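We begin with a single chain expressed as structure tokens, specifically the form predicted alone.
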Amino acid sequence: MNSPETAGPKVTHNEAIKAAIPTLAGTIAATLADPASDRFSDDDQQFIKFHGLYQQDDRDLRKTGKKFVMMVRGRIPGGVMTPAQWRTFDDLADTHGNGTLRITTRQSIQFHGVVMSRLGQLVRRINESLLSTLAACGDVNRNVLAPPIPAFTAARETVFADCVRVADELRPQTHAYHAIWIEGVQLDLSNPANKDFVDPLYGRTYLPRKFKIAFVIPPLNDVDVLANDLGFIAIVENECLVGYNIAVGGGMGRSHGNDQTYPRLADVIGFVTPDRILDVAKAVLTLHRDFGDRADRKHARLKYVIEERGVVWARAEIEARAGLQFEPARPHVFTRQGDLYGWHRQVDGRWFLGLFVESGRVKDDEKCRFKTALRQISDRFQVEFRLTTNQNVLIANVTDADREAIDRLLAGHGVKTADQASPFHGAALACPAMPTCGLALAESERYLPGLLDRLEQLAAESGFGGEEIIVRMTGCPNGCARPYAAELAFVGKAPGRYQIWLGGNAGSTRLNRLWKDNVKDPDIVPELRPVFLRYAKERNAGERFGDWTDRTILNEPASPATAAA
């Protein structure tokens, strides 16, 4: 691959503008200062991603002209928030956003519907809460994931501390973020440190594309670790962390009709002790920096480097860059993914409460004042809010004395703490899609709950009602809700049309495969009815839907209609 500093002209426009303005400042400050401006320039739309922002428009209103709004994403390592931080985000959703908080699949929170005039104050308030938006998006390391559940092993706190260490070490060093969002001024280029700035880790042009890291503690794969560019798989012995198996080269994104793009699970390449994780993180990141494809952003993720150059080459290159030799990977097994709902004991004897959040959207409605309830918990109790990669929230560090009071508070706002979600709903994920995401080809968040109801009815009619199938939906093939690791997935193709993917497993260690390429909404249940009926009759004892479809349906000759699709 071409290195951007030495490459010829064949690089994307994104690479050219990063090389021209490595501070990432663009003209963002000037646009914010212009009271008549409601949008950023095309180039600045790329720069603001590094600052944690996306420019969007409300697609429901396009017939009357584009209404530009911003999505703002927090950088919250491991998804852990204090009550004060939760209060800040809750306030900002009402005063600067659309009144909701959106928990993401990377343990963060997004604000939607933010207009230009409120953008600067929102980002500044997030920073005042001691969180940030820097590097929540862009061609850099994104929010680092960690296991959210404070149960099973005392090593969890050590793993979380390692997550924070890696997140801090891989943070971009440009002063533009502080100048624009904290000081409210354009970056001072008369200062040589700014004028001649090149990030000491990322270089002049940063990464070819985004980079994702996750920490996990087997056997629960609650972060889908193999879907990340770099995974740290904790090896725990006698309640103590002894090190990590290293996994590289995962990623979910693909493009319709482009066989050069595909989802991929990471390869485990060896074991390291905890004192070497920063060396490994930098080595893997710079491998992506130096060898990633800068001529085609659709082919620019690290997974393509690993797939095309090979795992043996990658291991040797990472060892050389990190100055170490990997030990053989230690045994580990992932039995399932997902979150725990309801009340559970922590390792330290306190309690945590897992709360289901449909598609991660924290809001109040006529049935449930969920957002208000969480705000009142943050006002009254010294707890921790832990966001999960399955878009749910845990209320952690609850004392025996406070548990009953929290139960009463939640019940008073219509929030259940038991029997919170049906099996399909409780295991499902959806990306936001319409109306804000500019990449969406079909509905997702707004559409999936109704589809899940239909699928659960079909499961009951087929003879396995009340059982779980992991269902995920995205409005486009980019994979933000990790659809290609689900037992059953729907990927948007066009308005009201979806691909159907089958065959992932409970531990998120096997990709699913395309089964139907272009199915209209009214045809989804009829297409799946014979599959559900067969599953109920033919499965082995205890065999999950994903395992059965991988063993049977996906290995059968395609029908003429399927082959034509």
Ligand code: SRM
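Note that residue numbering begins at 1 and tracks the sequence as displayed. In this text the structure is predicted, and so the values were computed from the model without any measurement.
The following text describes the form predicted in complex with the named molecule, which does not appear among the structures shown.
**Student:** Consider Asn505 of the chain shown here, and say whether it contacts the named molecule in the model of the complex, taking contact as heavy atoms within 4.5 Å.
**Tutor:** Output for Asn505 is no: heavy atoms all beyond 4.5 Å of the named molecule.
**Student:** Is there any non-hydrogen atom of Gln56 lying within 4.5 Å of the named molecule in the model of the complex?
**Tutor:** It does: once the named molecule is placed as it appears in the model of the complex, Gln56 has a heavy atom within 4.5 Å of it.
**Student:** Gly97: heavy atom within 4.5 Å of the named molecule in the model of the complex?
**Tutor:** Close contact is absent here: in the model of the complex, Gly97 is far from the named molecule, nothing within 4.5 Å, heavy atoms only.
**Student:** Contact between Gly479 and the named molecule in the model of the complex at 4.5 Å, heavy atoms?
**Tutor:** Output for Gly479 is yes: heavy atoms within 4.5 Å of the named molecule.
**Student:** Determine which one of 124-132, 250-258, 447-455, 196-204 lies within 4.5 Å of the named molecule in the model of the complex, judging by heavy atom distances; exactly one does.
**Tutor:** Contact criterion met by 250-258 only.
**Student:** For this chain shown on its own, do Thr104, Lys212 and Ala227 all sit within 4.5 Å of the named molecule in the model of the complex, going by heavy atoms?
**Tutor:** Per the other structure, all of Thr104, Lys212 and Ala227 touch the named molecule.
**Student:** Only one of Pro432, Gly78, Gly354, Pro150 comes within 4.5 Å of the named molecule in the model of the complex by heavy atoms, so just point that one out.
**Tutor:** Answer to the contact question: Pro432.
**Student:** Which of Asn221, Asn392, Gln110, Asn245 has a heavy atom within 4.5 Å of the named molecule in the model of the complex?
**Tutor:** Only one option qualifies, and that one is Gln110.
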